[in-house]
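A single chain comes next, written as structure tokens; it is the form predicted alone.
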Amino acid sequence: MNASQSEQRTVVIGAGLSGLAAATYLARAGSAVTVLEKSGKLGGRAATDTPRGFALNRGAHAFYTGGAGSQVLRELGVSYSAGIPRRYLARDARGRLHPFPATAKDLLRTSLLDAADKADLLRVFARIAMQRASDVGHVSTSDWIAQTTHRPKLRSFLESFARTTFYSAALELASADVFIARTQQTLQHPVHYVDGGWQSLVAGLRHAAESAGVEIQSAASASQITLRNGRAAGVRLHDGRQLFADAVVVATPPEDVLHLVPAQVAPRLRQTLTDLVPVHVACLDVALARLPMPSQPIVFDVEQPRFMTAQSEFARLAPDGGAVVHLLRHLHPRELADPASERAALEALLDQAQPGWRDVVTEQRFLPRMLAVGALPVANSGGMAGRPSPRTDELTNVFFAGDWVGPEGYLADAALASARAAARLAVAAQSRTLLAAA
């Protein structure tokens, strides 16, 4: 990305991970870049709140290393410190807690599975290690699990692991390529809980962007992309301002894209975005004066779509002696959720895993329906390969980035990989424009 872009201006809408990363790549390539963020705080879903010194992410965030996300952060010079989660437990259908077979040692000593289940699980992991993820993009995760093992306990175990991988209970929709690729990734590379919360990543990306010359405007809400002769000419803001642009990168959730693109244009893009399946979770984020049961920091629920993690046991997220606990209930897009019952279910899991937590609560926050992923890769669209492209031929100088864009990775991996791809496409398009005008 060395082309001279001295006469080109790009507007990036959204200052989450993907927006900040795309802006940095563009600025380093020579484009004059302005980032618009509607919130007063950068980061989007990666923002971290800090009540009373506790670092509360918006839901349980984990950074899966070894993929595109790690590569992009290295390229941009963004570093962070983190801890590696350990001491996993699994809650069975009877409500009993067992060692979660995340390692060979845990597999040997867990009482969650019997000897035959354990032998079959080793076979399943061997199959996963040999599986090419792209070959199962059209297979649902539930079908892949059912075809791989007929042992009920093992199937339940794999389903609980898959729900946490996707942040979704819709395994009959979710494509198996994500489950395979993510499992292969975690078998080879550690998962990180980021010290200081994900705001640490946001701060690093902001520093990289501003060092490259990016102008960042917070509390600046984009209203619509303005068009001229079928191309983006700029962005109109809700406060009435108009920013000129030779290219626009949209790094927002799909629902926001539908509002930014004028209704009368790009009908294929609008239909594609309308057909996407967003992933929502119910979250309970809790700050405690102390963790009642440090020996039970992470619990996968094999029976229900629930997950609990005391991330402060592994990362610096709380004042001395304090604890930060996140609980998730993975929702299904085709089922109506009842916030009261969702919260009760999460509190019940916390009652079991951390009895006495109510007596040491410092702060708690319940998010009944938080967007976890912009779009679920689904089997009937070919999985990750079927996600929307970073560009559309209906708007030749508008590009897209986010965890719902492009064929590479999931969650932060997809967000950062698509940011790099969108920036490269924008640089190439702007270079062609300069050559045509020369």
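The first residue of the sequence shown is number 1, and the count goes up from there. Here the structure is a predicted model, which means the values were calculated and not measured.
FYI, the form predicted in complex with a small molecule isn't displayed, but the following is about it.
Stretch 54-62 is the contacting one of 392-400, 379-387, 54-62, 22-30, since its residues have non-hydrogen atoms within 4.5 Å of the small molecule in the predicted complex.
Although the partner is absent here, Asp106 lies well away from the small molecule in the predicted complex, with no heavy atom inside 4.5 Å. Looking at Ala423, you'd find every heavy atom of it more than 4.5 angstroms from the small molecule in the predicted complex. Contact check for Leu260: a heavy atom falls within 4.5 Å of the small molecule in the predicted complex. In the predicted complex, the small molecule sits within 4.5 Å of a heavy atom of Ala412.
Contact here is defined as any heavy atom lying within 4.5 Å of the small molecule in the predicted complex, and by that definition each of Lys38, Pro253 and Met370 is a contact residue. Site annotation in the predicted complex: the residue of Phe166, Phe157, Phe100, Trp198 reaching within 4.5 Å of the small molecule with a heavy atom is Trp198. Taking a 4.5 Å heavy atom cutoff to the small molecule in the predicted complex, the contact residue among Ala90, Val72, Ala220, Ala266 is Ala220.
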